[in-house]
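In what follows, one protein chain appears twice in different forms, each by itself as structure tokens: structure 1 and structure 2.
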Structure 1
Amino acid sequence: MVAVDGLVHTVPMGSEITDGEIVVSGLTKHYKQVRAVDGLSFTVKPGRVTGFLGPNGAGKTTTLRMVLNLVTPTAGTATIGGSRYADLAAPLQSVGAVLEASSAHKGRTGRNHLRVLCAAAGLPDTRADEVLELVGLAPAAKRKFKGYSLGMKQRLGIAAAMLGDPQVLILDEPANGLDPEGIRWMRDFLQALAKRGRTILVSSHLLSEMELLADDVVIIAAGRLVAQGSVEEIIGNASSVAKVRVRTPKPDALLAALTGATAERPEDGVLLLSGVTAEQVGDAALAAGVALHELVAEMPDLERVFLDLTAGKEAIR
């Protein structure tokens, strides 16, 4: 069951903004000790899931909080659908956010927490029960927040973000504390929303998860942009680091037949070649009459590319 089917509305809501493009331009935040974010610019397109990646302390949370008017930038601007967050007529109906260090009153039930928000945003109370259903938290609706598990708290955060059925979703490490089932549910959920034209911006450390989830990625390090593009582009651009793995009884003969290749020998009879494509290796082997027992093009994954791109950048500052 892809949960978007659960987006039943008792009232016509319609998002306040129709085009949910997020534009970050020259965003900068200096704290006393650090430049948390330093002249950062990127855009996030509607209809796609965009992964926001960076090592610890790269400035992801600070950036998202500036986009949401919670932290005042030192310089630069951020707009959602063309207006600043503070200028949105109905913020909760336009943008939903799940952020770190955001929580609920320990002594309040999950349902009452959502109802407090419904009242503030002018939404009917029934929305609280709808979103609880949506995130699978309905059984715990009347229990106090202090008794919730980490994953349940995270789900309540997602429920709160979905209250206004927003055009734009911004999530900071939403997979934190979710079980495998929950992570899978969230992936399906976010992808289904993106298919319906919503803008989804998700920060995460789980790169393998991101590779499955995201269409686009924005990679930052030390507060600056490192790379932006679709996942294929980012990985494709990095194909210079792609390697070809060959197993052959005559590695030296094969190497002699290849030009421009550098080789590693991880084990006997195995070559790990860079600077050549699998096709070139196959052709050279045929021409030289060398038998191949294995020929694999090892495409780098997002994790590999991420580590290469952010290597050498100061990590924790």
Structure 2
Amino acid sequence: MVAVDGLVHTVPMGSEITDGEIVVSGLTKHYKQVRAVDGLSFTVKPGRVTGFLGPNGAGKTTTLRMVLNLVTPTAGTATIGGSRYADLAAPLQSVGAVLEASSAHKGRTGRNHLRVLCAAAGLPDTRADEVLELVGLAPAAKRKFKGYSLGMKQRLGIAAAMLGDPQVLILDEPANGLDPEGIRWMRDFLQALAKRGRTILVSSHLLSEMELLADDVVIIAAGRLVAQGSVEEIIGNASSVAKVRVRTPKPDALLAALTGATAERPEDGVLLLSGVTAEQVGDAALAAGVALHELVAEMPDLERVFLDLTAGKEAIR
């Protein structure tokens, strides 16, 4: 038995892989004149939620499809626990994946949709009800798929991915269509899985949510790696874009007292300073006898760092 998100569910079979590390090495995909992915390498560690980030057309979905052997690479490799996905003897028990909102026969109930998948994978029917409970869809188990909202379809897709109780979970834009409560549920659910040693790889455009959800991020643009590391490292390494916001009745006098600072003036009496710390600004103001009505160090967030790192990087042609 395994407890996740306050619920207990049965492990239907032992997972084929015990080490869920995902290793992408030199992965490349050319489509005629377009290089969708170009020599991409990164690692996704077990026990952590890794955010996979990039602008539209960056190659995220193509990369995930190559990891799952749905697309054949032009060059390079992608392994999960040391093996290609296509070589796993029982992939459902090793890797769960959702690359788009779940699709099912519109006249079939959510429960019956999952029972069909259970039969195909050799899992007991009871597993369908377990995963419906796990993702909060038990009250809608008997509702037909055509009546599901987009958020419910997302949850059903995750339920299908969890049928085999996999070590690795790969999700492409799983929060699409979820309301704020659903997004919070998703965050808690994935973090709980990671804390129990699962490997979680999630692509998303919701950068503010990814900052709350992810332990690590992989940022790509134009099919190439731009940055990889913990969220704290990525933001910390961008300290050069941090600014100090100052409101003072004597902005010119303050600037004259500072060395090495560049300033923006978004409004009267307000300076956005780069190249100096808040401590340096405070010391200079004291020495110059300049009154400060506001002094705030504005550290970058993940969204700001992402935009700076990917600015001007167009899709490869």
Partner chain sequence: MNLIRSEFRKIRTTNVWWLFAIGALVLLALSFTINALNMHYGVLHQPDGGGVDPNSEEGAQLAALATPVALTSYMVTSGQYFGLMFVMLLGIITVTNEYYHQTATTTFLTTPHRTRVIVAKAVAGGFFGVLLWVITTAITIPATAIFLNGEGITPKFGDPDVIRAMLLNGVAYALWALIGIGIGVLIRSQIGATITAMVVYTVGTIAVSIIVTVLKNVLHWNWVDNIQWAMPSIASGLMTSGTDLPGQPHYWVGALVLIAWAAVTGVIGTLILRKRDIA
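Worth saying up front: this structure is predicted, and the values here are computed from it rather than measured. Every residue number counts along structure 1's sequence, beginning with 1. Whichever C-alpha set is largest while still superposing within 1.5 Å between the two forms counts as the rigid core.
Shown as structure 2 is the form predicted alone, with the alternative form given as structure 1. Taking the rigid core as fixed, one finds a CA shift for Thr109 of 2 Å or more between the two structures.
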